[in-house]
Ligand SMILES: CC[C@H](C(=O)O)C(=O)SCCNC(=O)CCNC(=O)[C@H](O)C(C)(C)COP(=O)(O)OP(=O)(O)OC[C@H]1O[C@@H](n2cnc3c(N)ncnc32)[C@H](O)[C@@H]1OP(=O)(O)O
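Quick setup: one chain, the form predicted on its own, written in structure tokens, and binding and motion questions come after.
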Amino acid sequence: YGSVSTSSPILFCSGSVYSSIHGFSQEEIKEKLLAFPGGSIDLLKQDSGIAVLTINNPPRMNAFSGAMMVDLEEKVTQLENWTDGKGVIVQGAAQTFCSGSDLNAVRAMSNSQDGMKMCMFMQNTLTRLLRLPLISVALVEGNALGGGAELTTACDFRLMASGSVIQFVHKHMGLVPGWGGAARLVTLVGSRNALKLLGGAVKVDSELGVHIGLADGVLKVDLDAARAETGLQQAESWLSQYTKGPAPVIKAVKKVVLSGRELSLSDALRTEKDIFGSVWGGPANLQALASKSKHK
């Protein structure tokens, strides 16, 4: 993140996976992807410090067109630069999450070389989404299929509506995940469960999701329509318990967890020391010391 010195190992955790060293040209693949228009990725940054990122292509069950892949990368860049941000909710429009890639774009890019470039582009973007200094939650309503299932794993948490499904359908398409979803899934549920979900293209409902650790909560169904909160309102309320407090402190919490997950122990410890130094003696720390809240 921009304010951290270049010597800090945390930079390992903040950038993209692929660059020109790997024969990857972001501008080249962007140009190819933009040839397939449709849909949008909408970003709403709120005063609460919680942003809402909406996958918006309802006629195609919120499938990603090529232009939407580019749009997502641009929105992630905006979130990386959001000084006052603390959290982000990723949702699909019209109460369905995302059905993966738009098959029109997939068919047109069916040669191996283009497929690999699209894969590298989306791995970069979703890795940056996961590495944001914001606490993220995927709000899964309706179906999260294929690439949509992979997108849920690029968030810190997942909340599922009753009746919603996360399904890695790649095997049915003669594929495996290519957007980083398999690697992230193993981290979330372990290799045995990941093998079951991928090998069996298992439909994960909210009950199974909670049982295996893929889902962190289930949205409540209130039969009183007048009192019922929308899924988004419930997700905001759920996320707010982890984003209370000043943005620099919440960002620091995410960064120390990120370094612990991705770096070797010695690098993670040095990074934790650097991040600790960035908040020690800061406004939130001084205010807490003044009120002696720790010992009350």
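Quantities reported herein were computed from a predicted structural model and do not represent experimental measurements. The numbering used is simple: start at 1 and walk along the sequence shown.
The form predicted together with the named molecule is left out here; the points below concern that form.
Trainee: Consider residue 37 of the chain shown here, and say whether it contacts the named molecule in the predicted complex, taking contact as heavy atoms within 4.5 Å.
Mentor: Judged by the heavy-atom cut-off of 4.5 Å, residue 37 is well away from the named molecule in the predicted complex.
Trainee: Can you tell me whether residue 270 touches the named molecule? I mean in the predicted complex, with a 4.5 angstroms heavy atom cut-off.
Mentor: So residue 270 does not count as contacting the named molecule.
Trainee: Would you classify residue 145 as touching the named molecule in the predicted complex, given a 4.5 Å non-hydrogen atom cut-off?
Mentor: The answer is yes: residue 145 has a heavy atom within 4.5 Å of the named molecule.
Trainee: Hey, in the predicted complex, is residue 75 touching the named molecule, heavy atoms inside 4.5 Å?
Mentor: No, residue 75 sits far enough from the named molecule in the predicted complex that none of its heavy atoms falls within 4.5 Å.
Trainee: Where does the named molecule sit in the predicted complex: which of 61 to 69, 239 to 247, 47 to 55, 26 to 34, heavy atoms within 4.5 Å?
Mentor: One stretch meets the cut-off, namely 61 to 69.
Trainee: Can you pick out, from 153, 99, 125, 164, the residue that has a heavy atom within 4.5 Å of the named molecule in the predicted complex?
Mentor: Checking each option against the named molecule in the predicted complex, the one that comes within 4.5 Å is 99.
Trainee: Note which of 214, 197, 134, 169 lies within 4.5 Å of the named molecule in the predicted complex, where distance is taken over heavy atoms; exactly one does.
Mentor: Spelling it out, the residue with a heavy atom inside the cut-off is 169.
Trainee: If we check the named molecule in the predicted complex, which of the residues in 164 to 179 reach within 4.5 angstroms of it by a non-hydrogen atom?
Mentor: Sequence-ordered list: 169, 170, 173, 175, 179.
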